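One chain is shown next in structure tokens, namely the form predicted alone.
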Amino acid sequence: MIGVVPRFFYRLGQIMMFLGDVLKTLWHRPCRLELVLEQVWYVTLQSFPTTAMAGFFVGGIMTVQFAMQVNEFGAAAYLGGLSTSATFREVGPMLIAFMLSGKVGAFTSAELGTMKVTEQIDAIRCLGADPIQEVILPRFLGIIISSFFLLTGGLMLSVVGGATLGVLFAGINPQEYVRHIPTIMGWPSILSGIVKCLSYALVLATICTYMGYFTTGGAKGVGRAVVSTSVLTMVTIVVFDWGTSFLGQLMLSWFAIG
């Protein structure tokens, strides 16, 4: 245990330094826009079915869980507001981000790791180009943009999944389900979900590009990088979830005072 904690902070420092290099490159030597759009399209096309399915079933699961509680108090009409608010604020962004970390993060880490161990990145450097500008930056920006919209779209589909399960499981009219969403879910819940989506997209893009860019050890090293990417991304997302939940409570308090 003594060696695990220093190793964690050492890895965290390396990731932050890598993020600083990427942002510095973005500021001084931005990559071509078409490369970013290509990555956005590729990641979105690759991950939309997974994100849509995850969002639909997360909303449905939350509706089923809340339906067991609200029926006891005769408050079934507020089921849509309760389940949607909880999905947007807490459960939805984190679970959908977990799915993306296994889909987008692992794939990007494996792709960059393969380029590193086969010396393609070194060849780019030998040709006088900057690998961060040509290889890392388009993927970094593409993952952030596409993951943000995928997470947001997944949350939208969670409302559809919640309404569907509300009809099938609780016998609630879809119009009644949707009508009470604004009653409980206000702007603080929406802003909290948006902030979490953006934070998780940044975490995912940073970790998967870092792990792929610094892969060593041949094919076995690529496998280790993929596993480390998935585990580290999930742990970091949980930590960010705690931090953003704390900020969300501050926002709720600020709106209440205002």
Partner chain sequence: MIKYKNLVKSFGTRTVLKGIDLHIKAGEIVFILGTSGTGKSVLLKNTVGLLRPDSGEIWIDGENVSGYSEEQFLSIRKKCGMVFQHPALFDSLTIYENIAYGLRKHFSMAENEIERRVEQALSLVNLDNILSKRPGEISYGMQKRVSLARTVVLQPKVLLFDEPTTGLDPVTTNSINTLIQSLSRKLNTTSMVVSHDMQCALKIADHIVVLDQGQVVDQGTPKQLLESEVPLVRDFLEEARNQ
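Residue numbers count along the first chain shown, from 1. All values derive from a computational prediction rather than experimental measurement.
Heads up, the form predicted in complex with the partner chain isn't pictured, but that's what we're talking about next.
**Q** In the predicted complex, does A123 have a heavy atom within 4.5 Å of the partner chain?
**A** Yes - in the predicted complex, heavy atoms of A123 and the partner chain come within 4.5 Å of each other.
**Q** Can any non-hydrogen atom of L168 be found within 4.5 angstroms of the partner chain in the predicted complex?
**A** Because no heavy atom of L168 falls inside 4.5 Å of the partner chain in the predicted complex, the answer is no.
**Q** Mark T118 yes when one of its heavy atoms lies within 4.5 Å of a heavy atom of the partner chain in the predicted complex, and no otherwise.
**A** T118: contacts the partner chain in the predicted complex.
**Q** If we define contact as a non-hydrogen atom of the residue within 4.5 angstroms of the partner, is E176 a contact of the partner chain in the predicted complex?
**A** Flag for E176 set to no.
**Q** To test your reading of this chain, name the stretch in 177 to 185, 77 to 85, 150 to 158, 127 to 135 whose heavy atoms come within 4.5 Å of the partner chain in the predicted complex.
**A** This holds for exactly one stretch, 127 to 135.
**Q** Let me know which residues along 202 to 232 have a heavy atom within 4.5 Å of the partner chain in the predicted complex, or say none if there are none.
**A** Contacts from 202 to 232: none.
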